[in-house]
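Only one chain is included here, represented as structure tokens and corresponding to the form predicted alone.
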Amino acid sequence: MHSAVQRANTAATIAAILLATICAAASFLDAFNSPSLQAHVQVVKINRFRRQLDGNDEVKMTLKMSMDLTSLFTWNTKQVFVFLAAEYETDTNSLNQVSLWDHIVQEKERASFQVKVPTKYPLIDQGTNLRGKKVGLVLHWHIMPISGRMIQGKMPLSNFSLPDSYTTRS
């Protein structure tokens, strides 16, 4: 006869192995999900384009965004972190990335939206390199699962050019 402690140990071991197997299966199945995002971002207005006191360029703008992120959600998705980045080149750096807006989507029902918002974070360049610069907008996402590895991706959206001269607040 086995003691109660040995039986509890056996039951706990079987439960742990079963849970580990389910977690591995969930992580494995997420590899087969191929999301088909639909997103559109447009710069509606350059609210402010100025040179800061420390000499850096600063841009604040209003964006019109339309996104459908529902395909990122599976039964194993806890939440999705999504952010919009501005990407541009300068003489000193081949790639500059600045986050303009971010959002955490925790429910599939709230993963499709249309908004017109000012940028959450200003586009600031270390120097005076932004005048007349072509800037690309790229949507990045990180899928945080209940179990398994975090999945990330990105999607280039649109390009726009900044003015050749500084503006004031309007």
Partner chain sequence: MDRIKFLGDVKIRPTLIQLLNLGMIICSALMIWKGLMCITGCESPVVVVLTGSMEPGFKRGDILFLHMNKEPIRAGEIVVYNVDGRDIPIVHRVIKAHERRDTGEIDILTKGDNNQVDDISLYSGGQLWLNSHHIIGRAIGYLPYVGYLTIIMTEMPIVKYLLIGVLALLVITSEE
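None of these values were measured; they are calculated from a predicted model. Residue numbers count along the first chain shown, from 1.
If you look for the form predicted in complex with its partner chain, you will not find it shown, but the lines that follow are about it.
Asks: Using the partner position in the predicted bound form, report whether Y121 sits within 4.5 Å of its partner chain, counting heavy atoms only.
Replies: The answer is yes: Y121 has a heavy atom within 4.5 Å of its partner chain.
Asks: Does at least one non-hydrogen atom of S147 fall within 4.5 angstroms of its partner chain in the predicted bound form?
Replies: Contact with its partner chain, yes.
Asks: With a cut-off of 4.5 Å between heavy atoms, is T77 one of the residues that contacts its partner chain in the predicted bound form?
Replies: Judged by the heavy-atom cut-off of 4.5 Å, T77 is well away from its partner chain in the predicted bound form.
Asks: Is there a heavy atom of Q106 no more than 4.5 Å from a heavy atom of its partner chain in the predicted bound form?
Replies: Q106 belongs to the contact set for its partner chain.
Asks: Of 42 to 50, 124 to 132, 111 to 119, 61 to 69, which is the one stretch near its partner chain in the predicted bound form, taking non-hydrogen atoms within 4.5 angstroms as near?
Replies: Of the stretches listed, the one contacting the partner is 124 to 132.
Asks: Though its partner chain is not shown, can you say which of Q152, T21, T13, S161 has a heavy atom within 4.5 Å of it in the predicted bound form?
Replies: Exactly one residue meets the criterion: Q152.
Asks: Is any part of 93 to 127 within 4.5 angstroms of its partner chain in the predicted bound form by a non-hydrogen atom, and which residues would that be?
Replies: Residues within 4.5 Å: N93, S94, L95, N96, Q97, V98, S99, I104, Q106, Y121, P122, I124, Q126.
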